[in-house]
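Given as structure tokens, the chain that follows is alone and in the form predicted alone.
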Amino acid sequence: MRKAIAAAMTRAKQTIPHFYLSQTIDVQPALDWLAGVNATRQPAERLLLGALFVRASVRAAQSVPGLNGHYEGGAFRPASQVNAGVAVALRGGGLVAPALLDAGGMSVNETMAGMRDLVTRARAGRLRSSEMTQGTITISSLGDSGAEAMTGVIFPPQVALVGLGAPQLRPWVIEGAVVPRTVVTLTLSADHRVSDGRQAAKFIVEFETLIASPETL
């Protein structure tokens, strides 16, 4: 596993001209919405913040298609659908990023169910080859604990990776008043052969707008 990761990441850093844009985003509206939705659900049916991150990334990728696809043979091939890679840490060590195929057609509930299924099968070694090879953009989240920001390495031949740090409680200015809010730092890693700062910034703005209105996801 470590050798495979080393080979892929070495190839990525040697061949992909990475650039990075970061933004700290207020996720309190998303957390408040989740609390309301989950109040009447059984634990196994509750939605997690990670599902909203995936949905917002998918929708943003649909709005900025230059960040969704593959760079192969010296040319970028945009994808016709969003296959959202979800980074999964394995219990024995290592990391895989199987894809939710055609994630653009999923609801939040379907996304959450799909993520749970991928994690279960990844840790049992039962992933399908299509899930490992057909991702078009990857989302990697540190979950509820860990560092407040991460700068990820793109999984070739993809051209972008969305890295999300652990939620942090911070003072935040809302309508001129300083209030406590939970925020998350998003760092978008992108391939400069395919996109530039303007496209990456548009992606982040779209993501932030969607997370502020979780009911639309």
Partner chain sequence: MTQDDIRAAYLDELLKVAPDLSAQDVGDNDHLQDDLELDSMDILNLVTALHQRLNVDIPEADYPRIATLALAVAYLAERLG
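Positions refer to the first chain, counted from 1. Just so it is clear, the structure is predicted and the values come from calculations on it, not from any experiment.
We do not show the form predicted in complex with the partner chain, though everything after this point is about it.
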Per-stretch contact check against the partner chain in the predicted bound form, the hit in 125-133, 71-79, 108-116, 94-102 (non-hydrogen atom, 4.5 angstroms): 108-116
With the partner omitted here, the residue among Val153, Leu48, Val183, Ala149 that in the predicted bound form has a heavy atom within 4.5 Å of the partner chain is Leu48
4.5 Å heavy atom contact with the partner chain in the predicted bound form for all of Thr24, Leu169 and Glu175: no
Indicate whether Gln62 is a 4.5 Å heavy atom neighbour of the partner chain in the predicted bound form. no
Since only the chain is shown here, I'm wondering whether Val179 would be in contact with the partner chain in the predicted bound form (any heavy atom pair within 4.5 Å). no
